[in-house]
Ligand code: C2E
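The chain that follows stands alone, in the form predicted on its own, written as structure tokens.
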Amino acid sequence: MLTTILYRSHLHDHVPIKTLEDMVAKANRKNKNSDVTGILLFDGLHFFQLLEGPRDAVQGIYQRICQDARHHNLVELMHDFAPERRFGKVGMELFDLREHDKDTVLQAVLDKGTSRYQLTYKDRALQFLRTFVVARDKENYFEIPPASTWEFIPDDEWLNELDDLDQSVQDCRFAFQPIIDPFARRVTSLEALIRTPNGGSPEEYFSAFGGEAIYHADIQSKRLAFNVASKLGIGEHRLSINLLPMSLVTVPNAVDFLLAEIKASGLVPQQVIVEVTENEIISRSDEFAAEVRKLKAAGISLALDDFGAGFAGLSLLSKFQPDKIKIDREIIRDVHKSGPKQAIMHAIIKCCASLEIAVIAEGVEQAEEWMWLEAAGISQFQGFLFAHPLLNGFPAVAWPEIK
């Protein structure tokens, strides 16, 4: 199976450009032995490479390229399959864009093609190539520094745990995790995550219920969330709670119950954010919309959690227009290395900016993910990089500091 991988990367400052020819010659020999061909473009600072060949061979060479210390900020743009090679003359041919006139460089690149059909920019891989040659996408090239540039220093200012929680209050517990603005060194809100009494997952907790009882348990549990947050000293900071979407629809007077428990805990509706996922909403969207109107009329904000994980995200944005969305961890993971994920993030950010919807990146675990997302325009983050959830307490926050 003929596989195609495209990537771009940034030449490290410490690598002399004069060493490129030797580097290409060695790579050319290795590629030939693996039946891998392609073309390498260089503009004086960035590389763009198209690799074609047997699937395992191409993936193996690409993995070695990812570990090559001579370049960084490597982003995979495309991983696809093709019926034949586009550039099949040599293992890897270097094409220095600086040696060609801007008006003829595109045709000069096409002339390197070996396909029996005339190469045109209707081909998706060649569209990426053209974009690189004419530098149409430079504004989206974020040259982030190495992760070692930063260290994350825990700050105990927020650290607080309850030792005297009444074990008879509820058959669940809550772990709290902050959502932060790292550069402003500000906690924007704290999320209350439901757990079993021994710290088990939400899935484990809800597995004990059947039918509509799950929704009643969901709503009732928020009494403890509000109470614990108040005892921990949340003050005027915002509190996010997760609700199963149909809990609002299925449980009679669910919104009135939430408002009464918010007041009983000494909180106010304006500091509470209800987070829901896409699941179940579409099937009873009109009823859900009616309950959302009640929430917002009382001052409670709405956030769409795990945005991008389901099939209805954009439809829900048009219908409900939440105050916030939280990008799903699967999109966040390794976003600094994935061209498709970066394109998705740019589109989400632009869409939400037009709708004045705040964007939160959740599940951030790597410094490189945070740096790329910050460069893309996101300022609110949640994840293990900054703080792990703490059962019955607010955890310390690890703030980034330049070494």
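We number the residues from 1 along the sequence you see. Treat the numbers as computed from the prediction; the structure is a model and nothing was measured.
What comes next is about the form predicted in complex with this ligand, which is not displayed.
**Q** Whether P202 contacts this ligand in the predicted bound form should be assessed with a 4.5 Å heavy atom distance threshold; does it?
**A** Residue-level check for P202: yes, a contact with this ligand.
**Q** Wondering, does E365 line up within 4.5 Å of this ligand in the predicted bound form on heavy atoms?
**A** Yes, E365 sits close enough to this ligand in the predicted bound form that at least one of its heavy atoms falls within 4.5 Å.
**Q** Does this ligand come within 4.5 Å of any heavy atom of G393 in the predicted bound form?
**A** Because no heavy atom of G393 falls inside 4.5 Å of this ligand in the predicted bound form, the answer is no.
**Q** At 4.5 Å between heavy atoms, is L243 in contact with this ligand in the predicted bound form?
**A** So L243 counts as contacting this ligand.
**Q** Choose from 69-77, 317-325, 202-210, 140-148 the stretch whose residues reach within 4.5 Å of this ligand in the predicted bound form, heavy atoms counted.
**A** Flagged stretch: 202-210.
**Q** Scan R238, R329, K296, R223 and let me know which has any heavy atom within 4.5 Å of this ligand in the predicted bound form.
**A** Here the answer is residue option R329.
**Q** Counting any non-hydrogen atom inside 4.5 Å, which residue from Q271, N227, T277, S285 sits next to this ligand in the predicted bound form?
**A** If I apply the 4.5 Å criterion carefully, the residue I get is T277.
**Q** Going through 292-306 from first to last, which residues have a non-hydrogen atom within 4.5 Å of this ligand in the predicted bound form?
**A** Heavy-atom contacts within 4.5 Å come from D305, D306.
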